[in-house]
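Form predicted on its own, single chain, as structure tokens, below.
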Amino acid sequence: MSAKKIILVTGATAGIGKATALHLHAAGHRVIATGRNEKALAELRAAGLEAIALDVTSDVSIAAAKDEVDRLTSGHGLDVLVNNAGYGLFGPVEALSDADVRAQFDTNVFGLLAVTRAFVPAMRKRGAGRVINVSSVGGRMVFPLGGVYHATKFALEALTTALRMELRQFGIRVSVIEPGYIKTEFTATTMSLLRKYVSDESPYAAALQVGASADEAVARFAVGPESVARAIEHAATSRWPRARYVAPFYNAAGPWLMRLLPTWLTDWAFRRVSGLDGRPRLPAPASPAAALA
């Protein structure tokens, strides 16, 4: 096994982050799990992990977490930073409130940047380190109703590419992880945020109806977060980590097809299955409001 590493995982109290933290801990690494849910952090401590509070949207919280990491590691800092914290905001771009859009970017983009800025300097001074950003296959392709969420992941892809080139000279390797549809709490959070935009009177009522039932339609294709955790472990420990990991690997077919097929065709297909042509194609309740009741 590769040398034991000090690895911090953001958003480690649920979903991919929790699965990754537990997987890396089981592999023998020193894992510092972070998040906002104190009860979940206590459960991780009980499982043998170190766990500290971290709200990636708070400069005060980030500074406190950095000080605690310095204390725990006697000033060494991190060997690996896993930027996993994030969530999905879905709904028609026109209808989304400024507050919801800003909150989405604050967590998925600006929070990630702030955490990275906090922990990279120690890696740079030491001449070694890894930064692993959890994006999505949605960072290279866009589904209707997901415009703002996808925008944050497109931004993350660009930032990761720039960081990969900028930090290599200092011995820091940067990778991006692109999960597909994974069985986690992510969808429940997304649906709860979508609820406020669901209305029978909405001009997007048909698409919202389809979106409300889409999870059930595609759930049979979902896999657990273990494949993502394994990809993150490879990026964290391999001598030659890849720039990009798609997990599970077959989800790479989506972005590949988007490049291969003409735009008019993929637009038509997405509109048709999303209820944006006035003819919803997925089974759904009688009204979009009932779908998220």
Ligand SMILES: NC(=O)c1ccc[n+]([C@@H]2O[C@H](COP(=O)([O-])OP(=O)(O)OC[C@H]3O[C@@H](n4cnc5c(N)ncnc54)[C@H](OP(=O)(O)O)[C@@H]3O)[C@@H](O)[C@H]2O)c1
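The first residue of the sequence shown is number 1, and the count goes up from there. Please read these numbers as outputs of a predicted model, since none were measured by experiment.
Below, we turn to the form predicted in complex with the named molecule, even though it does not appear here.
Taking the partner from elsewhere, Leu96 is found to have every heavy atom lying beyond 4.5 Å of the named molecule in the predicted bound form. The named molecule is not drawn, but in the predicted bound form it has a heavy atom within 4.5 Å of Arg36. In the predicted bound form, none of the heavy atoms of Thr266 sits within 4.5 Å of a heavy atom of the named molecule.
Taking non-hydrogen atoms only, Val273 never approaches the named molecule to within 4.5 angstroms in the predicted bound form.
Comparing 67 to 75, 158 to 166, 193 to 201, 174 to 182 against the named molecule in the predicted bound form, the single stretch with non-hydrogen atoms within 4.5 angstroms of it is 174 to 182. The partner is not shown here, but in the predicted bound form the stretch 129 to 167 reaches within 4.5 angstroms of the named molecule through a heavy atom at Val134, Ser135, Ser136, Tyr149, Lys153.
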